[in-house]
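Just one chain is shown here, as structure tokens, and it is the form predicted alone.
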């Protein structure tokens, strides 16, 4: 049997003995209290009866005013052990005769008796016919209550010991009967837990609750044994499968490692090529910028010398203007490189958005005519007349490049006879510019619309227009987004912080 520090057998025995002893002690306490109270009441009743007898016996002594005769009668009380004194009072309150402890005065009692813890007083009137001749007062003690109490307590103790012994025997018997199958069940559980032997069974049969518990426990062990047998067979099968899969995975890992090495090598080569290409582009832009000095300088020299026909002067001015535009483009590419690297310093100033968009409309008049596309500029739901002013903080050249690219994309994304709409919405916090055209963005580039070198459907497209627009917007701490669908076409919106110009 397995020992526990607080076994259920001890708990059952303690519960039986504790309940029995508590009931016995409570019963004995109530009986002793009841007997104690009954004893005191009986003693007082006996004193009242004695007082009545003494009152009748002393009538003649009071009638003949014979205190000696009355004292002789009172002396007979010495045979009563509980009475320690007797006093006869006259109606006036004077003492007529006494025995033992003398009362100092005639007590006034409601019911003729007064009971305290260890003493009592009984008063009885002495009457002759209807006349009250006096009063007799008896004083007594409960002198033998202690002896009576200890006698009863000893008897009760002997009874308690006898009952306790019987309870111990009975509790031990029932404890063994109840805990024996539980101990067997506990021993089986411990052995199964330590050895993992589920073939173990508990040999106990009964039709009570414990018998049902043992039966179900044995049934559960049978199911676990069957399950373990099935699991062992499947575990062996899984170990074989895992061993085969491990070999396959290791082979694939070797192949994957080789592919990863090749991929890392390709990425490194591509990054190196990208860096070389960017460096070459930067050098080329620098060389082009140097060469453009001749393209811009010589037209100015020819114009200054004169002797040119008006038509020749017009052509030379166009050559100079084209050179300046190319210079601006090269300069923008250099600045875009700085913006990509995060080292560009923005030179901000209030820029009139309406004036800039109107000048871009004039600049792109040729493209609009060739494409047969109309351009409208609307501010707060109304067509502008050119006199309005809306300012944003930024760098004029960059903003002009940004909106030129967006408007050009809008024109190229429109059908002949179509329309590009520029909507401006301005309030106290933000100024939003939305450029809309009728055709949707091709599905294959929608998710990469603002990425570098992304273009579709354009013969001369470089994929830098929307990329540079996005870069310029971020440099200006502005947000830019694109919405497109087959039903509504495409809208690109840029939102800038509003600027208040004090007059």
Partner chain sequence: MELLGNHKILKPIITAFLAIMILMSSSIAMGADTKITATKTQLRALFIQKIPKYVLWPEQEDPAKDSKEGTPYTVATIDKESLLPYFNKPESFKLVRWPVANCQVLFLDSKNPRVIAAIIQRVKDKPILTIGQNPDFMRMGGIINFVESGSRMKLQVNICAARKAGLTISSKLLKLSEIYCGDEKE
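Residue numbers count along the first chain shown, from 1. Every value quoted in this text rests on a predicted model; they were computed, and no experiment measured them.
Only in words, not in the display: the form predicted together with the partner chain, which the text now covers.
Contact annotation: residue 477 falls outside 4.5 Å of the partner chain in the predicted complex, judged by heavy atom distances.
Mapping the unseen interface onto this chain, residue 444 falls outside it, with no heavy atom inside 4.5 Å of the partner chain in the predicted complex. Interface membership of residue 61, defined by any non-hydrogen atom within 4.5 Å of the partner chain in the predicted complex, is confirmed.
Interface residue remark: residue 171 is not counted as part of the site for the partner chain in the predicted complex, having no heavy atom within 4.5 Å. Comparing 448 to 456, 52 to 60, 464 to 472, 28 to 36 against the partner chain in the predicted complex, the single stretch with non-hydrogen atoms within 4.5 angstroms of it is 52 to 60. Here is the short version: of 300, 94, 239, 191, the single residue with a heavy atom within 4.5 Å of the partner chain in the predicted complex is 94. This chain lacks the partner; the member of 182, 316, 326, 133 within 4.5 angstroms of the partner chain in the predicted complex by a non-hydrogen atom is 133.
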